[in-house]
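In the form predicted on its own, a lone chain appears below as structure tokens.
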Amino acid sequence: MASSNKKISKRDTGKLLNEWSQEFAVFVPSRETGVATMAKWDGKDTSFLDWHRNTVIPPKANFLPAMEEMFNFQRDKEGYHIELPPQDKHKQLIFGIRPCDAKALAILDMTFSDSYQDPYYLSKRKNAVLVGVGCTKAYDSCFCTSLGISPAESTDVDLMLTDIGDEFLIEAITEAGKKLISRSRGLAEANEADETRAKASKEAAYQKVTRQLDTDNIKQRLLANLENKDYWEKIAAKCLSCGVCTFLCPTCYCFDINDELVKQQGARFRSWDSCAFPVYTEMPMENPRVEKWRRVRQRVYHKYEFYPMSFDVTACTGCGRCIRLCPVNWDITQALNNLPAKV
């Protein structure tokens, strides 16, 4: 039986990206700024195919920027006049997104389209095409398989690419993906041998994720330890409250809003914020999380207890960024695996 999948030589990836650039603003993994992030395709550099495991800054930044102008305003005798920033009319194509980060965007979609439709986030997401590339070498901090995510497969992308040696096998996941490859040049039909290699590649990638998180009865274990102050003080002892784990988490979405006013004109900005910061929950009368252990507990419970209560999905994809990029090696899997059985 003939395969409906396509394939492309790795050396022709640049040609395919250039073709897609005619229709999309194409983003690929880049280290040009010194920090790996998704950046505009420069039309030639495909070196990321060799070094890319996962970007430091997650792809959420393409849809929820670290700082974003919401509108600008001018003030005169008649009052305030508001002007929205011009919208980029190019649709985005994110190439090389990993399954964990694609899942994270699906989780963020729930947040920004629930009781309030966020126009800034959703306007970017609805025009985006996600082209996933499966992992072939996981970090030792990755634990996606414990959360039901495969490092080499995803239903949260439009196209999924699998490494089969000198080529990529291309699977169309959505209708948008099918339409894209139907009009893309330079693709060949995949054969049975390609499918066999792809299956072996996916299985090998899955086995390379060795860190494990015990998710059995995790909600019950968390509820039982909600008031276990001694445990959370111990867990939080070395945390610096720097916020790195939240800024680099692909599912964290907390933000602050500020106005900048100079004379008679200004702008309103939205910027990333973090529940790790002591002032995050500060109110005129009190701060319910002034102690560090409460903030650390809040982050863990939000991911594994509170978010599932609202959306029936864990707000963690096991990408491991919060472990490998933490300056003091704080480890969320250890915090969860070591929860006392009884309190």
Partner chain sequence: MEQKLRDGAKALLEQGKVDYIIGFEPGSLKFTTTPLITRDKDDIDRLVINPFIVNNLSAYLTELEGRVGIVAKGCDSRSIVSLIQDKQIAREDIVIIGIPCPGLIDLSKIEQLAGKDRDEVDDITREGDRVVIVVDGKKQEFPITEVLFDNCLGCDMPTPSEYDILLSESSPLVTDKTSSRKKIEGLKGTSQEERWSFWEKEFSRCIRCYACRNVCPACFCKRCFVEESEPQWISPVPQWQDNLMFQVIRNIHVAGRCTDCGECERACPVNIQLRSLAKEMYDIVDDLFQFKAGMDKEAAPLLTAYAVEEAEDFIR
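Source: prediction; values computed, not measured. Positions refer to the first chain, counted from 1.
Although it is not shown, the form predicted together with the partner chain is what the next lines describe.
Answer with yes or no whether F73 is in contact with the partner chain in the predicted complex, where contact means some heavy atom within 4.5 Å.
Contact with the partner chain, no.
Is it the case that A66, even though its partner is missing from this view, gets within 4.5 Å of the partner chain in the predicted complex, heavy atoms only?
Although the partner chain is absent here, A66 would touch it in the predicted complex, with heavy atoms inside 4.5 Å.
Under a 4.5 Å heavy atom criterion, is M309 part of the interface with the partner chain in the predicted complex?
Taking the distances in the predicted complex, the answer for M309 is no, it never comes within 4.5 Å of the partner chain.
Check H81 for me: does it contact the partner chain in the predicted complex (non-hydrogen atoms, 4.5 angstroms)?
No, H81 sits far enough from the partner chain in the predicted complex that none of its heavy atoms falls within 4.5 Å.
Sort through 217 to 225, 256 to 264, 176 to 184, 151 to 159 and report the only stretch with a non-hydrogen atom within 4.5 Å of the partner chain in the predicted complex.
Contact-bearing stretch, as computed: 256 to 264.
Given the partner chain in the predicted complex, answer whether the residues F247, F277 and E282 all have a heavy atom inside 4.5 Å of it.
Yes, all three are in contact.
Identify which of S271, N191, Q212, S123 has a heavy atom within 4.5 Å of the partner chain in the predicted complex; exactly one of them does.
Residue within 4.5 Å of the partner: S271.
Residues in 47 to 82 with any heavy atom within 4.5 Å of the partner chain in the predicted complex:
Heavy-atom contacts to the partner chain in the predicted complex: H52, R53, V56, I57, A66, M67.
Any idea whether D256 and E286 get closer or farther by CA distance in the predicted complex, knowing it moves 3 angstroms or more?
The answer is closer, because the C-alphas of D256 and E286 approach each other in the predicted complex by 3 Å or more.
Sense of CA distance change between S271 and P284 in the predicted complex, threshold 3 Å:
S271 and P284 sit closer together in the predicted complex.
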